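One chain follows as structure tokens, the form predicted alone.
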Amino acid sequence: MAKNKEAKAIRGGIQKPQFWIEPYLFLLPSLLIFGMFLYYPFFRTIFLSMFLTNKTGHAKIFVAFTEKDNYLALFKSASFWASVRVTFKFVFAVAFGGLLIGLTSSLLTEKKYAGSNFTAAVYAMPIAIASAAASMAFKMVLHPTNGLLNNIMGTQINFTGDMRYALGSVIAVTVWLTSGINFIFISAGLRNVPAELYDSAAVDGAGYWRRVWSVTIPSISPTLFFQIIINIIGAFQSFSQIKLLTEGGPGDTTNVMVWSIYMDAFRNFRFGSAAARSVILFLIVMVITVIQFRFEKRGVNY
């Protein structure tokens, strides 16, 4: 009888407390972890951005909406805007460069041939290499006197110390690092393109490049859309390459926003200013992501 009453109560939309509490109990461990390592640091950063701090990072003087406001100081700083310009150049080149190389390498290994598996493994290799280790390897490759690249070309170019080459060198290293994940996801997308579409295009007289442009690209547009978002977010967060190759130099030519945050916080001990830079960086990434999703339906075919 008790079981029948309980079943009727559930069918009627009346649930006992344990039924609506139970899902939240399962979510509790995840919520605790997210709260500790994501939400608390996020709100703590916003809090610190409104204060002047001491060298240990403790908030001391509330300066929000005053002449010493951290955000106001940044907006008046020429170095801040220079850092923003460098960041956007870096992000644009890395995001689309990594996507282009990933797409090209995926198309090269789309058809099976002798050694295609080995070639695919080589293209995917960057995903298995830590950015710090790759940066150290490229630091030796790009060395102005003993580097492999200069030895091959018979030159002595200071790739990481010359203002003309520093940003391009860091971009090249980062594009190579992101090419592996782009290759893997785009290759997976290519495998899901129906062969009938290529057959129909071939019957209509479409050549290889026409099939790529009219069949392949539209068919994998969801994958490309996903990858460009991941590339942009990852590029905004790039740090190891800057730290190990150029340290923001020469002359702030590679002084991206993440490096500026590091310098403010751990070199100059201005944690309030670093927190303000972090909040601005978050807002920039959020706005770009929202804009991308707003225009998703115009260029993505599902």
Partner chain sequence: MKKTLALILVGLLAVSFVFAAGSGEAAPAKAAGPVKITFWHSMGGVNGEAIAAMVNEFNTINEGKIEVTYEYQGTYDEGFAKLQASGGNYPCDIMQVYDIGTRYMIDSGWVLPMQTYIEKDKWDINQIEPNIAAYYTVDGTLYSMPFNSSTPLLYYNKTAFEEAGITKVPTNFDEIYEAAAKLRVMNADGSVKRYGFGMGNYGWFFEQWMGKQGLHYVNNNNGRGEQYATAVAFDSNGGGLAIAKVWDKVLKEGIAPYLNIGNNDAKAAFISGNIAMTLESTAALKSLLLNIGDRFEVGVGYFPNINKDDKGGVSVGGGSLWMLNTKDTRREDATWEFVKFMISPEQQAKWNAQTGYFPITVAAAETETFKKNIAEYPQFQVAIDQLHDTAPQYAGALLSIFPEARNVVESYIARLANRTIDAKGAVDGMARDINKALAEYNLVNY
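Positions refer to the first chain, counted from 1. These numbers come from a predicted model, not from an experiment. We call the rigid core the largest set of C-alpha positions that still match within 1.5 Å between the two forms.
Beyond what is shown, the protein has a form predicted in complex with the partner chain; the following relates to that form.
- Note on the partner interface in the predicted complex: the residue among Leu72, Met163, Ala201, Val84 having a heavy atom within 4.5 angstroms of the partner chain is Met163.
- The partner chain is not drawn, but in the predicted complex it has a heavy atom within 4.5 Å of Phe266.
- In the predicted complex, the partner chain sits beyond 4.5 Å of every heavy atom of Lys89.
- Using a 4.5 angstroms threshold between heavy atoms, Asn54 counts as touching the partner chain in the predicted complex.
- In the predicted complex, at least one heavy atom of Pro144 sits within 4.5 Å of a heavy atom of the partner chain.
- With the core held fixed between the shown form and the other one, Ile33 has its Cα displaced by at least 2 Å.
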